[in-house]
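This document opens with one chain alone, in structure tokens, the form predicted alone.
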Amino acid sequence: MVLCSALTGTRATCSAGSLRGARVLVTGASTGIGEQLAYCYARLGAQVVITARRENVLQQVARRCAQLGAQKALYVTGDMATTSDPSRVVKFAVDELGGLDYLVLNHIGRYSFSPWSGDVHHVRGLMEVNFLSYVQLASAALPSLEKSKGSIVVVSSLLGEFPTPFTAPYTATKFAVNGFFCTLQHELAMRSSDVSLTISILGLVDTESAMEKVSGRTRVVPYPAGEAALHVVRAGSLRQKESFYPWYTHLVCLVRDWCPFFRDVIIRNSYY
């Protein structure tokens, strides 16, 4: 009980003024957590560029961002499976906003919630979208972020720290993301860079995509996407190295290596 209280009782808040006018690029912003992230930044008066594959949906999200108070609300289509698109998207944001203060990496590729079928091609494609494009986006944005003393915010998953059944390709990509960006945190600190890097570890969130995959298959309770997005925005604005939402994700990471036999039994019994 004391441990849980300690994990949940230090909820700092970010003021609207801290993000007013901030130049933000959010990937995967057409639906789910990415869409909610865009709305959070808009409400705080940021200048927002959003990207995803579907232009018609991006138009609607950008329009809503403008209504919510974004100083700018722009969009650029991009397919993160295409190797040239990450750099192009960053260039658009830098050119249109005059620089970047926040790069928020959130997009993910399609995957099924099922036992691994042996499809290596799918794993390779998902790695391109979920991991390699993150590296490309960060690489392209770093020069601008160095100038602004800005931030990279990586939306990751508990599955990148704590593997479970039926998500092998997705889990592999998230382990890669966490490993790369944790290493980059060290390297930025070692060269005294003013760029902060936040990795947000999220548990099950009630996005439409997630619910379609796990509905009727797990006993894990989903948490609201809007709250998850606000948590990520807050963590990035406070320049935290890592953050966890909901509260149990931090506890799970802390105790994951205790009693591995019972841990694995609990994991397997949490699925139908």
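All values reported here derive from a predicted model rather than from experimental measurement. Note that residue numbering follows the sequence shown and begins at 1.
Keep in mind that the form predicted together with a small molecule is missing from the display, and what follows is about it.
Although the partner is absent from the chain shown here, 81, 108 and 210 each have a heavy atom within 4.5 Å of the small molecule in the model of the complex. A heavy atom within 4.5 Å of the small molecule in the model of the complex is found for one listed residue only; from 62, 235, 42, 204, this is 204.
By the criterion of a heavy atom within 4.5 Å, residue 134 is counted among the residues contacting the small molecule in the model of the complex. Residue contact check for residue 241: none of its heavy atoms lie within 4.5 Å of the small molecule in the model of the complex. Interface residue remark: residue 54 is counted as part of the site for the small molecule in the model of the complex, having a heavy atom within 4.5 Å. For the chain shown alone, residue 29 is a contact residue for the small molecule in the model of the complex, at least one non-hydrogen atom being within 4.5 angstroms.
Of the candidate stretches 196-204, 90-98, 138-146, 161-169, only 196-204 has residues with heavy atoms within 4.5 Å of the small molecule in the model of the complex.
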